[in-house]
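This document opens with one chain alone, in structure tokens, the form predicted on its own.
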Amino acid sequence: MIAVNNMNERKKCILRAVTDDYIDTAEPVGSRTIARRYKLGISSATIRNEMADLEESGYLYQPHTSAGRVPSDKGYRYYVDVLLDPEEATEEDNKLIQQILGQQKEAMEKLVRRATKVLAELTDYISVAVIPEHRNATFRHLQLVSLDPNNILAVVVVDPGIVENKVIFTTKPFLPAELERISSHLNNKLRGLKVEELSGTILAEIRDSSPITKDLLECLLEIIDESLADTDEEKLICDGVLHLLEQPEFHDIDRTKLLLGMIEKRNNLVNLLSGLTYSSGVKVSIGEENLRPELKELSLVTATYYLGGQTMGTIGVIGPTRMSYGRAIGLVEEIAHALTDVLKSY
């Protein structure tokens, strides 16, 4: 965080006004604009002098000699850390978030995908999320539900917080009591086991002792194995790329190609977001603060979501440095909290 240092209240008001105006318009801001729109009670000449001082201190810069001024990365950082008023998600935002995330329990990946999608829709920026690797995933529970005489819904729950659903077709009809016995048998044999513990010996024992037809048993074991094994790599989820391309900063095709290349390769973005997973609260990285060259003219706002007090992953948005920081921070924080609340029931 930047220290408040010796910036007086007048300079703070002017820096806030310049930043707010540039975020809204994407046009360099002149002293007359500030005097006319923001009613600071001082002349445009005084504002011009203060803006010159802010430029000399590195908080503003002039993209063209005859143009007004725009915030620098240092200016945005001061704006975010000192001048920005917190902007909470609106009642309408929260209603949509709860509607999207408050549906029936399902695979965590699907839940995070929905959260990422709604974040992109609400911010108009690229939304990204990482589900980190969980090499210690363990089997928790299997439930079998008869949909009709020949179709069974298998629900597999794996720690941490992963739910897989699959419909199995079977030629032999099963009564609900039979399905309950099968579920109980496999739960007793497998509960608490990790993927590497599903040895041939255990599987052979299950096959020999199971009151289950061979085809159904093999199908169930395959689902369980996939549910456990599916968690040994990090997954990147991305939405809303077209939103960013609508921003005037991305009329530059070379800049657009650079960002899209990073998203397509994914590994660099996964590594970046994974490094932020253990940061508490909302983290804002602005322009040159980002280590990746593809993000040097962008800002990244992220927060961590949790399961049972354990860090699960990162969710956030990528946008231009001319980002509506108050809204982005409020929505990223709200969606991370909503994800954490939903995962409590897993």
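Each residue number is its position in the shown sequence, starting from 1. Note that the structure is predicted; figures quoted are calculated from it, not measured.
There is also a form predicted together with the DNA; it is not shown, and the following applies to it.
Put simply, of V29, L54, A35, V284 only one has a heavy atom within 4.5 Å of the DNA in the predicted bound form, and it is V29. Taking non-hydrogen atoms only, R10 approaches the DNA to within 4.5 angstroms in the predicted bound form. The closest heavy atom approach of G41 to the DNA in the predicted bound form falls within 4.5 Å. Remark: A67 counts among the residues lining the DNA in the predicted bound form, judged by a heavy atom distance of 4.5 Å or less. In the predicted bound form, at least one heavy atom of R48 sits within 4.5 Å of a heavy atom of the DNA. Stretch 57-65 is the contacting one of 286-294, 57-65, 315-323, 301-309, since its residues have non-hydrogen atoms within 4.5 Å of the DNA in the predicted bound form.
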